[in-house]
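Next up: a single chain in structure tokens, the form predicted alone.
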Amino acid sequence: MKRNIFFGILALALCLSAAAGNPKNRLCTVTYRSSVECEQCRKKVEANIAFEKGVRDLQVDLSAQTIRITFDTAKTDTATLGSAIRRLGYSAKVCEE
């Protein structure tokens, strides 16, 4: 009986620690106002920024001239992503949402 209780508590502790370390809890989304204007710009951004460390999702909206990035905060931050966009030759100003 004591053994079953011990293993039950151990299993519960493992489940709770796995939930606490869930990477989905570390995801953040940022939108940049950028100078992307054409399909080539979109392709260039998608081909390069999608492979930056921590990037989980990337959406380029040409009509609004924005780049929306969902990223893992444990691996990168908004300043690093903005710098990566600027290295491609585009402006990158964080939009306040």
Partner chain sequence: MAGPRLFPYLCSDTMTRAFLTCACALALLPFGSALGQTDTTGIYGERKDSLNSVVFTAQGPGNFLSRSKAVRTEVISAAGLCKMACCNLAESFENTASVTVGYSDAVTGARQIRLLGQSGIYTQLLDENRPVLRGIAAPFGLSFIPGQWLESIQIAKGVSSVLNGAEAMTGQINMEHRKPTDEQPLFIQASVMHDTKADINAASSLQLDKTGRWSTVLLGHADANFMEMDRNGDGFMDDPRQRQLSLSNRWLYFGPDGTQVRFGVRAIWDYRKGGQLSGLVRPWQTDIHNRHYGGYVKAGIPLNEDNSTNFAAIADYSYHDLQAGFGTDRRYDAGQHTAFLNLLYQNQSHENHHFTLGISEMLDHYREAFGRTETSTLSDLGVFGEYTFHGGERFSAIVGLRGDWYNLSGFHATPRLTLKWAPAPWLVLRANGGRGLRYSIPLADNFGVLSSSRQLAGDYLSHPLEDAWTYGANATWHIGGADSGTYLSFDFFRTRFFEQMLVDYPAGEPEQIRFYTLSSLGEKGRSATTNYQLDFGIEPLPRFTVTLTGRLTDARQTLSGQSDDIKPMTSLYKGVLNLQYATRLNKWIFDFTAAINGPCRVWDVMRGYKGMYENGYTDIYPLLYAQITKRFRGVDIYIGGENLTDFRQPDPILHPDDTHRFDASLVWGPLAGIRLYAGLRITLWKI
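Positions refer to the first chain, counted from 1. What you see is a predicted model, and the numbers here were worked out from it, not measured in a lab.
In what follows, reference is made to the form predicted together with the partner chain, a form of this protein that is not presented.
The shortest heavy atom separation between K44 and the partner chain in the predicted bound form is within 4.5 Å. The closest heavy atom approach of A50 to the partner chain in the predicted bound form falls within 4.5 Å. In the predicted bound form, R33 stays away from the partner chain, with no heavy atom inside 4.5 Å. In the predicted bound form, the partner chain lies within 4.5 Å of some heavy atom of D57. Contacts to the partner chain in the predicted bound form (heavy atom within 4.5 Å) from stretch 60-94: R87, L88, Y90.
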